[in-house]
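Consider the single chain below, provided in structure tokens and representing the form predicted on its own.
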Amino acid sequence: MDLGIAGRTAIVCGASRGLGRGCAMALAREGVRVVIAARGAAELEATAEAIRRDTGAEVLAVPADVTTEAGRAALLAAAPAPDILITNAGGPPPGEFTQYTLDDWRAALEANMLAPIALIGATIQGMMSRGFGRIINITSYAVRMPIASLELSNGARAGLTGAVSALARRAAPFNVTINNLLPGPFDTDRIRANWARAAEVSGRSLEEVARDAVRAIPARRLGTPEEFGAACAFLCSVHAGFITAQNILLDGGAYPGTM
């Protein structure tokens, strides 16, 4: 299927590895000019080179911490009029609710709620004036099914979801969509770090924790960044203009609900 977005420009945050990299790669394969951002310059440039080599697409790497005004300014200077915006940031660390400080909460909100809101605010008017825009927020299935010990992530990502819901409906008449992708258990560094912590807390081996986690997924496997990227690319396509204000789970059937 031709997604109809060749020649468009996309900003992809948190793109040096994992799900962000999967999204950047998928968009580049569709002929999209990709501007990728992450904090680590060396790893980001290596990712950019890998995407160029695999797809032949134009890829610009912008080392930036988008939780800061300076980082966002650098990113937007490189891509002042994006057609596609993928917001993405690693989740805050797990912990015990009663031990979190207000600074912990502020950091979670900056990374997983306020930075995406700032980037959306800086780009959506341009998208609306041009008559095309696709905004994808990579959040978490914790929005639908809160995860114990990840309350910082639960709260910040749910806050972002609520913040953009009405905006998505206001932008829809201008062919601008806003959707949230809710990844469940994907094969990333993040899930392996969570397994390691669970093993440490429980006294079980990492292998046991990983085995039981995968057994709990109806698909009996982890998702891959490549299939996540493919789903993201479709939502950015011309064929997805009637899909907006949605929270779309990609979790191998792990969420035990009907809606």
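Small disclaimer: the values here were computed from a predicted structure and weren't measured. One rule holds for the numbers: they count along the sequence shown, beginning at 1.
Although not depicted, the form predicted in complex with nicotinamide-adenine-dinucleotide is the subject of the following passage.
S.K.: Is A26 part of the interface with nicotinamide-adenine-dinucleotide in the model of the complex - any heavy atom within 4.5 Å?
M.R.: Answer no; every heavy atom of A26 is more than 4.5 Å from nicotinamide-adenine-dinucleotide in the model of the complex.
S.K.: Can any non-hydrogen atom of V66 be found within 4.5 angstroms of nicotinamide-adenine-dinucleotide in the model of the complex?
M.R.: Residue-level check for V66: yes, a contact with nicotinamide-adenine-dinucleotide.
S.K.: Considering non-hydrogen atoms and a 4.5 Å limit, does nicotinamide-adenine-dinucleotide approach I178 in the model of the complex?
M.R.: Judged by the heavy-atom cut-off of 4.5 Å, I178 is well away from nicotinamide-adenine-dinucleotide in the model of the complex.
S.K.: Is the gap between R190 and nicotinamide-adenine-dinucleotide in the model of the complex 4.5 Å or less for some heavy atom pair?
M.R.: Contact check for R190: yes, within 4.5 Å of nicotinamide-adenine-dinucleotide in the model of the complex.
S.K.: With nicotinamide-adenine-dinucleotide left out here, work out from 229-237, 26-34, 190-198, 212-220 which stretch has heavy atoms within 4.5 Å of it in the model of the complex.
M.R.: Residues of 190-198 come within 4.5 Å of the partner.
S.K.: Only one of I138, L85, A108, M127 comes within 4.5 Å of nicotinamide-adenine-dinucleotide in the model of the complex by heavy atoms, so just point that one out.
M.R.: Only one option qualifies, and that one is I138.
S.K.: Select from 80-107 the residues with a non-hydrogen atom within 4.5 Å of nicotinamide-adenine-dinucleotide in the model of the complex and write them out in sequence order.
M.R.: Result: N88, A89, G90, G91.
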